[in-house]
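The chain that follows stands alone, in the form predicted alone, written as structure tokens.
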Amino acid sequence: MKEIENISRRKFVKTLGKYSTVLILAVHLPSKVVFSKNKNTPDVFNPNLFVFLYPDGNCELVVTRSEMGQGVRTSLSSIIADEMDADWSYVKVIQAEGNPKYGNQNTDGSRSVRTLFMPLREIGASVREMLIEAAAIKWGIPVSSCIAEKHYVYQKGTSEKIFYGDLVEPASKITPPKKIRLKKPKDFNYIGKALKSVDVKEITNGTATFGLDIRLPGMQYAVIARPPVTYGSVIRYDKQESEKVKGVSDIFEIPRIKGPFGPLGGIAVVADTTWTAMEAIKKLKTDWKAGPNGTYDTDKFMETLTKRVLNSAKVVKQVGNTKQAFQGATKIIKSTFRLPHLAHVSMETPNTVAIVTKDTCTIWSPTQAPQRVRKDAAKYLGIPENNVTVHVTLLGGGFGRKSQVDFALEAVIISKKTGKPVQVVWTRENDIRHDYYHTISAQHLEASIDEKGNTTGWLHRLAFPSISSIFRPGTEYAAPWELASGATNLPFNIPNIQVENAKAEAFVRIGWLRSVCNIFQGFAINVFADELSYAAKYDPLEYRLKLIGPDRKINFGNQSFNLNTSRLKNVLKIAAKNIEWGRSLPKGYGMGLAVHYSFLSYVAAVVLVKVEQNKITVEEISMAVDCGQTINTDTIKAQMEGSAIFGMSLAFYGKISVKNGVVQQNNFNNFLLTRMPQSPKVNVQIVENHEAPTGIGEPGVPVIAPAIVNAIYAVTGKRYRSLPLSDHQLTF
């Protein structure tokens, strides 16, 4: 399981030359069934996924999603291997190139496992059934007298067995079964177990291939100076001093390509090394035109958003009569929450290698959206998509940033201009100052409480620039799915609920960031719910369970799934029990909790903090997660632990500020992250069940920041409703 490889006609021909017979199972998975949200993918008879089984028993499993540290290559391949009854030691993972024949390859939305679980099981089971039938024919016995186990087919009740590799030729003549028998969960060998990542050895010893590791003969390296203001442009530039830097081969302006994922344009410096290009960029003299976004100031815009959410706005959900509930209330609680833009800052900055010839293009990219790269490259070059090959490397983190393809198109543009293979590398300064930012937001919440402490009315008003703005410039209101990140799918048993959306313009590129709108909606809802518990004079855990209410399944509109409040309450109870919620704590210590439903998963966190003057120490985090049928428990724990650190970073430090249209942060000196000495003990309990598998890469993030804020309140009595906490002179 060492190399990242790509299926191609060349590899296919080589394979046939090496082996006289090979069992290749191609299973048709209609995109309309497997990828219900990918309406643009044609339902054509092209195999989405492949299993290659060779006479020596080696088995190659094709994975169509991008690996960025979330363990998807291990999880997806193990699903096939389990149903195949394959021996894991014979399995090698092959990374699919970007191609529409695989269905939707976008690695985002924590949906890889939840959308592919059943199709992958069916693929593996089909292989197993074909091998069993081939063995039965060879022995001259009924199929029912055979059983597969760990790369062999056995005759039941005897010691007779046939190795999978020896069944390749006869199995290749078997028609794939129309009716497939899937395993029962009790018989799983890999699903639901802790598996070591197929990539861990190469990643840790430095032999794994990330985008930045690609090297080609004659390759040049490019760094780009981009307009400091989003959608700005070049007025003039002087390259004389830059051209004097030894190793610089070319300096030229590249265009801005309009569209949601088009490059911003700027001045490209091409050289013999990335370092040389970076040094030459420093000597470049450029005058920029700021454009309409040159007046953007995040402090002033936050004031504008706050004013808007303090006044009536467009009603997007209404249940009961909130106005009437407020009129009859014993208490009315009001709070306003403000959260800033955030940057992705994945450890591997955006980069891509491209080779453009007269009528072909080959790309190596750490991308979450290989088909989008292929399509946009073909469109720019004016060549058929079939003439563009996109090889997907490992990603050194992504968090949604690498779903955009601007950096890949930059490599295509520069290679076409120079006629040579080119690697475009973004510096960390480029990465932070020219990101697709997580949106800025203001939220206002009001709730009414009766004499018994019941919450009778709930008003939630939000304003934030929408991701839709990159697709439709001028968009001022949120998309329904953005609002359904806590606001319109609130799981509380409150009879009167109203959600309103105030307008918000976009002045920078807005994009997906790990957990997306759940970050700020989960923060406001969980902190406000904590406030209500104190106002009603309840224990926060007890009151949260009261808010969620009786066990029920809620369908928020025309959806194929229901929110199960029993599962939501269960993770909260588990997280609280594991950290001994309610126990006596020393002076200066406090606990806070949060629970949230996102990406169809249920996650709760209880945080123990220590407060000394203005210094906050996160001592321990207890998390519980219910993501349905588990695939790789090791990956699930790692994702929860990573979410905890990610959430701590945005709670204490995360902030992108803009003055005169220019992002003020530029590196890790002023866009800080949680460091190892600050990392607390994180305990994760996974709820085991056989419900449909759900998302895991993102749903752990939203609960961390509010749990920390609630814990600080438990100690100090001070309520923080805006982030980051460092803005409040709190140290960490």
Partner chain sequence: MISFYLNGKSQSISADPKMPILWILRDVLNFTGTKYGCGAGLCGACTVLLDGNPIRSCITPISFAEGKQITTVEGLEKENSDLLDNWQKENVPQCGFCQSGQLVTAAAFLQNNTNPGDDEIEIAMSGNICRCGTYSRIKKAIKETIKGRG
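What you are looking at is a predicted structure, and each value in this text was computed from that prediction instead of being measured. Residue numbers count along the first chain shown, from 1.
FYI, the form predicted together with the partner chain isn't displayed, but the following is about it.
A heavy atom within 4.5 Å of the partner chain in the predicted bound form is found for exactly one of Trp139, Phe252, Trp275, Tyr589: Trp275. The contact residue chosen from Val143, Ile554, Val200, Ala479 relative to the partner chain in the predicted bound form is Val200, the criterion being a non-hydrogen atom within 4.5 angstroms. No residue of the trio Lys317, Gln327 and Asn489 has any heavy atom within 4.5 Å of the partner chain in the predicted bound form. Using a 4.5 Å cutoff between non-hydrogen atoms, Asn667 counts as a contact of the partner chain in the predicted bound form. The partner chain is not drawn, but in the predicted bound form it has a heavy atom within 4.5 Å of Thr204. Interface residue remark: Trp426 is counted as part of the site for the partner chain in the predicted bound form, having a heavy atom within 4.5 Å. None of the heavy atoms of Leu61 is located within 4.5 Å of the partner chain in the predicted bound form. Partner contacts here mean any heavy atom within 4.5 Å of the partner chain in the predicted bound form, and among 294-302, 80-88, 494-502, 338-346 they occur only in 338-346.
Looking at 574-602, no residue comes within 4.5 Å of the partner chain in the predicted bound form, counting any heavy atom.
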